[in-house]
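Next up: a single chain in structure tokens, the form predicted alone.
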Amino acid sequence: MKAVIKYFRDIIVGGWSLVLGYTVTLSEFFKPIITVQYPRVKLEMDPAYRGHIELVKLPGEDGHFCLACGTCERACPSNVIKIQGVKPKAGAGKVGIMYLIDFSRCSLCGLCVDVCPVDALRHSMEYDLAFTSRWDNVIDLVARFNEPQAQERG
């Protein structure tokens, strides 16, 4: 007798579970589709999004603000930034000619952006920075800044 009661109780509990599952499925079925057809359609990122870092463009010029002072290099907890700069002429300030950063080890903490004395760095809005090789993650931000498509990003 107890086996029969347990049998029917299991059927009722399983049926109720099935009804609850279908109510969730049906409620989701009638909601609008929010899938983005990436890469044909790009996502619009929130203004608070913090992507990888990039150099800030000088207003009205083709250059950047980086003075190669090394403050960001010293502040980096992951030690992934290497900077080189030159003085274009005697008495002039340094100008950054190489800004290497290894994004495979970068923790995106933002300390380099925060400590920059001239606000030469910012977080980008790019989210699709993926590579097939580990060495492709080592990027020269100055060379990337000088690429033609970088001008439309800046």
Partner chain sequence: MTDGNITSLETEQKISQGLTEQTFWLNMGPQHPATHGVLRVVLHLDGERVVEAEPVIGYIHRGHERMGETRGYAQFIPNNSRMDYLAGLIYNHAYCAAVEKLAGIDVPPRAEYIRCITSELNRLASHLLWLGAYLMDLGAFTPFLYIWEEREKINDILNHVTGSRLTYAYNRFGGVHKDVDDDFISWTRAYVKRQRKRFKMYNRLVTGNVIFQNRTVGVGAITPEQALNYGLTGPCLRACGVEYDIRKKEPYAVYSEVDFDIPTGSNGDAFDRYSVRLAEMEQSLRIIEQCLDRLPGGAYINDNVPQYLAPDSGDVFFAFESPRGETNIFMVSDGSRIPYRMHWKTPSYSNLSILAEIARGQFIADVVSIMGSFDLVIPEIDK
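Heads up, when I say rigid core I mean the largest set of C-alphas that superpose within 1.5 Å between the two forms. Quick caveat, the model's predicted, so the values are computed rather than measured. Positions refer to the first chain, counted from 1.
The protein also exists as the form predicted together with its partner chain; that form is not presented, and the subsequent description refers to it.
- Judged by heavy atoms within 4.5 Å of its partner chain in the model of the complex, the contact stretch among the candidates 125-133, 92-100, 42-50, 59-67 is 42-50.
- The putative spot formed by V36, V86 and P88 is not touched by its partner chain in the model of the complex; no residue has a non-hydrogen atom within 4.5 angstroms of it.
- The shortest heavy atom separation between V80 and its partner chain in the model of the complex exceeds 4.5 Å.
- Taking non-hydrogen atoms only, D119 never approaches its partner chain to within 4.5 angstroms in the model of the complex.
- In the model of the complex, at least one heavy atom of L18 sits within 4.5 Å of its partner chain.
- Proximity of V24 to its partner chain in the model of the complex falls within the 4.5 Å heavy atom cutoff.
- Shown here without its partner chain, the chain has S107, C109, G110, L111, D114, V115 in 107-122 lying with a heavy atom within 4.5 Å of that partner in the model of the complex.
- Remark: with the core as the superposition reference, the CA shift of S107 between this form and the one not shown stays below 2 Å.
- With the core held fixed, the Cα of D136 is displaced between this form and the one not shown by less than 2 Å.
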